[in-house]
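The chain that follows stands alone, in the form predicted alone, written as structure tokens.
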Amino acid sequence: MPSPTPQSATGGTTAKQVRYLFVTGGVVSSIGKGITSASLGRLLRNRGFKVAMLKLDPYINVDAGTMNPYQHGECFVTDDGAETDLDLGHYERFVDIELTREASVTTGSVYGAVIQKERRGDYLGGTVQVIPHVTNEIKERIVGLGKSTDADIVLAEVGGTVGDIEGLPFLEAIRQMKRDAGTGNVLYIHVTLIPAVGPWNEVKTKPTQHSVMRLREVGIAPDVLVCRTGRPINKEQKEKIALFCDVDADAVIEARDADTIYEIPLVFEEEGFSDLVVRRLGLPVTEPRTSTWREIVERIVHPTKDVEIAVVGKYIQNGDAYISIAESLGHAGILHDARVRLRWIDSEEIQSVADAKARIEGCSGLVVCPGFGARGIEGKIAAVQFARESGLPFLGICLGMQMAVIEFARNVCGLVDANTTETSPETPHPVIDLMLEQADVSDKGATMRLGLCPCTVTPGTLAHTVYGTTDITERHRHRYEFNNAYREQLANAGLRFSGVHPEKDLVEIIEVAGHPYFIACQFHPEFKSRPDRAHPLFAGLIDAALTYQAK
């Protein structure tokens, strides 16, 4: 790997000079800063640099754990149990790294730390202010990540849109980073929208100009503009943007809508984005290694097979609520050279098994998604019953596993009104119950069973077949678990407990004996899937779905 570490006059090495890339966004929210950051991170890693990814989120919540998926999309969980923004999932999938809680910085966490320091007297009686105390805390997190990961480059995305009042301390902090780290070691990348309006679909650059003006008002002059557009930007338009925004013409990067987000790194490479960054930061020039990524995109764009999977959840109105599940199914499609089409089904609208059959009919597999609360769980149970009875390949995740247990208890074991105490505290058969260590927990934020935990897989089971090993680790996010008091009864009826925590004896994986592919897990396999390494449970589902479809 090329090293940007400078040499001293005596031939030894001095401290590594970390470079910093800051990605901001303007004009509208959800403009694609996360994919831009993840794609650039991938390109820089392709060139041999060690990249640390960071999300600076201006919202006042301490983390994403208590946020409604309708408002904020998926809560992504890291190995060390941090509940974070969904963009960290993009970072992990694109750059192929495992992030930690250091990679997520929010206003809530920053102000919490500042207040703790003030209470301890760390500020020696001084008046605590946004500048320098809050901005210093933000900068310490940015610099600290570079040190702890020994990164060549820290790539930090600032959430929200330039002009948001919550984001001002973060913008001020990254403005100061140029002075702290040195002008040649910091680059500002601004993502903007180039709309096409009017009857002739005229491409308009004015929104970008105004967004850059707003950024300049807080003291940041962008070095690179990434222009989201549905239409090509010609040379004349690029030169106009460059002139009015005071950037070089080759620093106006076209980010046209693509067939798949995984194509974006290749589009950026062709636009010379990574060449520009390497040159501007004075990094060693290396050849980009893109062959593996090109193969991934080729398999996505030109598959030889096609399969449809039903995805039953309760937050489907927001496409980002289950983004990692959707991506993981796509990864399994890449592995099996298949286009995976998703049929999103609102569990609240499923009223019976017959209704579930009517909505799922034509699909070759079923995923029942995670979630919280009572709304829609009977619909999930009906969908599970249809899959179990019809032989439809099935994967249940977290709450999806719990619904599979309840369905089996009710309809196979005859435990009428079996349920989870999360939604039915007085159920006569609490086959899903609150974890013992959760009994005295009152705070909702960051108190669940979170992060990476071990699991022992039983040889000879479906789980062992798909994983190919007996020892696995997976990420968790839940408060309720399978009630071991019912384990023997359900096992005698044909439910297999094929994955168990080796020390705590917690049920992690269940499956139904004799079914072609019926498996469910308490953990979240979607958080560990990669485009070139589909997670075994999703890979197994798509393999079974293709077989089911062929029959």
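Source: prediction; values computed, not measured. Quick note: we count residues from 1 along the sequence shown, nothing fancier.
Here the subject shifts to the form predicted together with a small molecule, a form of this protein not shown in this document.
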If contact means any heavy atom within 4.5 Å, which of 395 to 403, 451 to 459, 382 to 390, 96 to 104 contacts the small molecule in the predicted complex?
395 to 403
Within 4.5 Å, heavy atoms only: does P370 come near the small molecule in the predicted complex?
yes
Hey, in the predicted complex, does R228 get a heavy atom within 4.5 angstroms of the small molecule?
no
Does R479 reach the small molecule in the predicted complex if we count a contact as any heavy atom within 4.5 Å?
yes
Contact between R47 and the small molecule in the predicted complex at 4.5 Å, heavy atoms?
no
Of the options K55, H524, R42, R496, which one has a non-hydrogen atom that comes within 4.5 Å of the small molecule in the predicted complex?
H524
With the small molecule left out of view, which of E137, D164, E422, D355 would have a heavy atom within 4.5 Å of it in the predicted complex?
E422
